[in-house]
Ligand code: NAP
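There is one chain below, alone, in structure tokens, taken in the form predicted on its own.
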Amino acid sequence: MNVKAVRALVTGGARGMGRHFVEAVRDAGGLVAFCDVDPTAVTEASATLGVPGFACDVSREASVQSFYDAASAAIGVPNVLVNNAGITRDGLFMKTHPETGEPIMMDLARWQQVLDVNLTGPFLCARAFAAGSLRAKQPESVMVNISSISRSGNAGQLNYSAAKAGLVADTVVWAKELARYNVRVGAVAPGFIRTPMTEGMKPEALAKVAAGIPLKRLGEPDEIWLAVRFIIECGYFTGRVVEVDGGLVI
């Protein structure tokens, strides 16, 4: 699919990598609408970028359907979905109190919140998108799921790792089930990328992270966009993951 023919939905599009994806689709000549959970951020991004933006909690079924319907009215039936929205609530699965030795467990709320946004959210968005594509009998549709290198398991990120691993499994299942309807599905697994979140880290911590990457630097949002664009444009790509991590996972 030529990116100029894209009518894309981007979740979590008001900030960070999602915002970059929105800009990239717009600048390439495609149509794009985005959502974000923060209404204030949506208003700012929509006005600045000149594209339709909508407040949406991707973990809520009604909110996702409302976003899909409003975005479809604004740009036409979408033929690309970028499942980008995600959160982190990092913490150890189990540790002990330094004085008493009493076990301190990850609480259920911290686990559930990340699963709700990072795994249920993509499910709800993919479901609305796929149903719309089938109803419209589109000649081709593409879903791109933003996973993470943490899907392999990262200490301190049990909830996030589980969600991102599950998203890769969903990518494979959706690709197998939806190919008959001309829907392709791929995933991108970024490593450490230069975003407002990483730029908020202490310089010494950031330097330590970069030192552990074979290419000795953080990735740039545009390098992730190149992988997203490849999945959109390569008509023979489906059910696979593109790793863009500077060689961190080899």
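In this text the structure is predicted, and so the values were computed from the model without any measurement. One-based numbering along the sequence shown.
The protein also exists as the form predicted together with the named molecule; that form is not presented, and the subsequent description refers to it.
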query = Of the options 220, 27, 69, 38, which one has a non-hydrogen atom that comes within 4.5 Å of the named molecule in the predicted bound form?
reply = 38
note = in the predicted bound form, the residue from 65, 198, 182, 46 with a non-hydrogen atom within 4.5 Å of the named molecule is 198
task = Using a 4.5 Å heavy atom cut-off, state whether residue 229 contacts the named molecule in the predicted bound form.
result = no
key: Non-hydrogen atom contact residue 193 with the named molecule in the predicted bound form at 4.5 angstroms   = yes
request  = Give a yes/no on whether residue 239 approaches the named molecule to within 4.5 Å in the predicted bound form, heavy atoms considered.
outcome  = no
ask   = Does residue 174 make contact with the named molecule in the predicted bound form, using a 4.5 Å heavy atom cut-off?
value = no
The named molecule in the predicted bound form: contacting segment from 134 to 142, 80 to 88, 174 to 182, 95 to 103, heavy atom within 4.5 Å = 80 to 88
task = Select from 199 to 237 the residues with a non-hydrogen atom within 4.5 Å of the named molecule in the predicted bound form and write them out in sequence order.
result = none
